[in-house]
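We begin with a single chain expressed as structure tokens, specifically the form predicted on its own.
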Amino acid sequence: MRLDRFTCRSTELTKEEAQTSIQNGLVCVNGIAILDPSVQVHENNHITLNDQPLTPRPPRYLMMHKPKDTICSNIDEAYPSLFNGLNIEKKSELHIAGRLDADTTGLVLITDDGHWSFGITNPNKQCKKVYHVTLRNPISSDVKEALTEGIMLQGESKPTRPAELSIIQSHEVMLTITEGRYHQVKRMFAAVGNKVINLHRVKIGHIQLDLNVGEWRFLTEQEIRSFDQ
């Protein structure tokens, strides 16, 4: 991770204070003063601030039931940040592993462990995300076949990876994908002449949403490790 982030994770300094300390030569990596806050360091490095060794806090892993009309950002923009619903310290250090659109609800995973979140969002890991989708028009059998085989989206050079689709009733389906392209679910149904009216994520990997709207909780050790399986 970046040296300024490591320093923040190991102290009560803000990002700006950590960067100032680094630029003033107060932070050393393996005995050498590093003046660039963006330098990448490893937890196995010996890192000190004012000659005092730094030990980062353990990473945090959370799930949250994202409400509608909130955004997956650390700050408010056109819509309020869903982080407003987190009563936790140093929220600015957290990020979301797989964002949802403002009008999409459901499961989001939040962490300050970049390596862990990369294992979820990297398409090569083929982590399954399950969505409950409400459609404007009834779903037909030929559309189901097309979705499960892969769809060529507008502006893309290759089709989507095979999806899994189960029909709940004429206008409702459960869709499982292993990618996270821009507005992917909405664009997939648009490509077959339908429109998503409501989109709700219920599962990521082995983790199932079990919270009411707006609630959050820390993940269990088993849930955290499930992405290594």
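Note that residue numbering follows the sequence shown and begins at 1. Just so we're clear, the structure is a prediction, and the values are computed from it rather than from any experiment.
Missing here is the form predicted together with a small molecule; even so, the following discussion is about that form.
None of the heavy atoms of V173 is located within 4.5 Å of the small molecule in the predicted bound form. The small molecule is not shown here, and in the predicted bound form it never comes within 4.5 Å of any heavy atom of T111. By the criterion of a heavy atom within 4.5 Å, L107 is excluded from the residues contacting the small molecule in the predicted bound form. Contact check for T160: every heavy atom lies farther than 4.5 Å from the small molecule in the predicted bound form.
The stretch among 77-85, 149-157, 118-126, 94-102 whose residues place heavy atoms within 4.5 Å of the small molecule in the predicted bound form is 94-102.
Contact with the small molecule in the predicted bound form, defined as a heavy atom within 4.5 Å, holds for exactly one of K203, R60, H183, K68, namely H183. Residue L199 is the only one of V41, L199, A191, C28 with a heavy atom lying within 4.5 Å of the small molecule in the predicted bound form.
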